[in-house]
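One chain is shown next in structure tokens, namely the form predicted alone.
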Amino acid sequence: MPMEVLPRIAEALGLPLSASQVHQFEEYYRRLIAANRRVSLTSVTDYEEVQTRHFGESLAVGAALYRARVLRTGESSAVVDLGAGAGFPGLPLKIAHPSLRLTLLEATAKKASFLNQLVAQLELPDVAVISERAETVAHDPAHRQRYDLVLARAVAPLAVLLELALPFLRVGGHLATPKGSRAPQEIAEAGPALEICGGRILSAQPLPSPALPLILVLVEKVEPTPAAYPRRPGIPAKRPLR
């Protein structure tokens, strides 16, 4: 069945898709649904709903980042998607913005295997998949303070996410995370984590999402994160910085 909903969403967002990009999204959907029978990747499987909720919301994040000039057309930014799961929002953004250098970080081995196969099947260059915890990878010199942008969708409350994400960013880089109705409360609770890990809230604006109402929280890295952070696996979620 031809994919019709997503091209209209992309056009409205100012991110028109070529025929080859639409084909990649069609193949993405087919591979996602086939793999979902073996690995729990998504509860959303309806063809139009996947286009709206997963692909469309991911492109809405991209559109917001273009408006904020965090992403620029043709620029080869280094991006890491934390807790990538089935690849959202990182892989849809890679399809729409092919020059991104994307790392997908997913601790669950079966999900990481799906991502590796999908990247190969879609023939996407400059995409790496790492099956490891963020708390571990963030201390690796090959990844610490190496990225321009961290993406995180439904990973953790903001106070926890900041400790996981900010160590990956160079000073001047950004964390972009879509949040729901609790966004104001999460921002209010994140003050200590921002101060400790070297970030500041740049904006919290409604996301032009084609599905659920969301707020895109954009955090700028303004100082290096102390070497002690993130703490060992599991501790940030158990004991958020206060």
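In this text, residue numbers run from 1 along the sequence as written. Quantities reported herein were computed from a predicted structural model and do not represent experimental measurements.
Although it is not shown, the form predicted in complex with a small molecule is what the next lines describe.
The small molecule in the predicted bound form comes within 4.5 Å of no heavy atom belonging to H139. R153 belongs to the set of residues with a heavy atom inside 4.5 Å of the small molecule in the predicted bound form. Taking the partner from elsewhere, D126 is found to have every heavy atom lying beyond 4.5 Å of the small molecule in the predicted bound form.
At a distance threshold of 4.5 angstroms between non-hydrogen atoms, F88 is in contact with the small molecule in the predicted bound form. Heavy atoms within 4.5 Å of the small molecule in the predicted bound form are found in one stretch of 139-147, 101-109, 72-80, 118-126, which is 101-109. Proximity to the small molecule in the predicted bound form, defined as a heavy atom within 4.5 Å, singles out one entry of L166, L158, A134, L93, which is A134.
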